[in-house]
Structures are given as C-alpha cells and as structure tokens.
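Okay, so here's just one chain, in structure tokens, the form predicted alone.
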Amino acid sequence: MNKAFIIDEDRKRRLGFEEVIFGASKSVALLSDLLKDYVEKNKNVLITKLQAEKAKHLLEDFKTAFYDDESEIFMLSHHEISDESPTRIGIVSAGSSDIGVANETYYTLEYMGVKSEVIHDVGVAGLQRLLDHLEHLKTFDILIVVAGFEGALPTVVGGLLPQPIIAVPTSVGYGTAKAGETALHAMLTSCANGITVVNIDNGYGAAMSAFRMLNLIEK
C-alpha cells in the first residue's frame, strides 16, 4: 500500500517555513510514520492539536521531543533562539482559560525561531490589568490578542495601540458564547480598524500570520 502522506519538501524554499502537521485527526501509527520520515530527512517537526494520549505514545519512540499538555503542541527539534534576539511579538491573553491557545501561539513562534512574550490574564473584566502593561505592549512589532466569552479584548487593544493586531477567538464561555462563535463574530465586526482575525482556537494560525508579517518587515 502507498504511503498516506507526501511531505512537502519544497515548502521551506517557497514560504520560509516547513510543513506543519495537524495532529487531532491522525492516528498514532500515521503520526509515527510521518515523524520517522521527517527524522530521516533531517527536518524539524511541529504537530499541533495533538491529544495527550497520542503524545504519550509518540514520546516513547521520540525521546528528544517536546510536548506541552496545555497547548497540545509537539515539537521534534526546533530552531534555537539567541538570548540576544529581540522579543518581536507580544501575545496578550484575556483569561487563564485561554492559556492553551496562547501557549500554542508561543510555541509555534518558538519553533519558527521567533522570540515572543505572553502576557496573561489581562481581559476586559479587569481593564486596569491591561492598562498596567500598556507601555510595555508598545515595544512589540506585532500583537496577538487571545480572548473568549464576548471577545472584546482585541477591540480594546486595537483602540489603544498602533501595531498590527491578530485576534484569536477561543471556545471559552457559557451558553451563548457558542464555543467561540460569539467571540469570532465580535472580532470580525470590531470597530477598531485593521484587526486581522483567525479561526476559533487557532493560535497556530495567528503565529504563522505574524511570522509572515515579520519576514516582510525584515526585507
């Protein structure tokens, strides 16, 4: 039987980053075969949305890999970031329930060799917490803002700060939060001009959007 996958070996040349694996819908056997192919080709590997039970099995065979339970990020080898590298991206997380998506963003950027910083628990229910960080937030080139419930935080940040803002709705909240749909619609209809919005719980997508922006800035 033919392999169920074909690695896009040319993606790094075309786009500046390697192919990334979405882990949620793949079996352990398929993921193991993929990882072996990547290792044989001496390529870095990033798997997103990988459930803990699958990660447990993979870590038995790939002992140098890294896995984070909260973000469900699995990395096998990744780019080293110098301590002298500037912190280019600020990740602003509304509440402690958003940590998983915020960390997915952080680890994706780390894998891509980009230094970032997460500022946790600064949602609009306690606006003074965000304002306490305002001067520091001005130092970043790009801001990624993660929020669930009514999804208001990106609009507030977009009304206070001039950088490109990437908004990430999360599936956090009761009832009519509708597993992130309310936050998504709120962000899409934001009155703060020029906010970019990714899909629900897509911290990886936000990180990759920021990575593309940085690559253009550096040119």
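Just count from 1 along the sequence shown to find any residue number. Since the structure is predicted, the reported quantities are computational estimates derived from the model, not experimental observations.
Keep in mind that the form predicted together with a further copy of the same chain is not shown, yet the notes after this line are about it.
By the criterion of a heavy atom within 4.5 Å, residue 129 is counted among the residues contacting a further copy of the same chain in the model of the complex. Proximity of residue 106 to a further copy of the same chain in the model of the complex: non-hydrogen atoms within 4.5 Å are present. By the criterion of a heavy atom within 4.5 Å, residue 74 is excluded from the residues contacting a further copy of the same chain in the model of the complex. Residue contact check for residue 81: none of its heavy atoms lie within 4.5 Å of a further copy of the same chain in the model of the complex. Interface residues of 30 to 55, taken as those with a heavy atom within 4.5 Å of a further copy of the same chain in the model of the complex (partner not displayed): 30, 34, 49, in sequence order.
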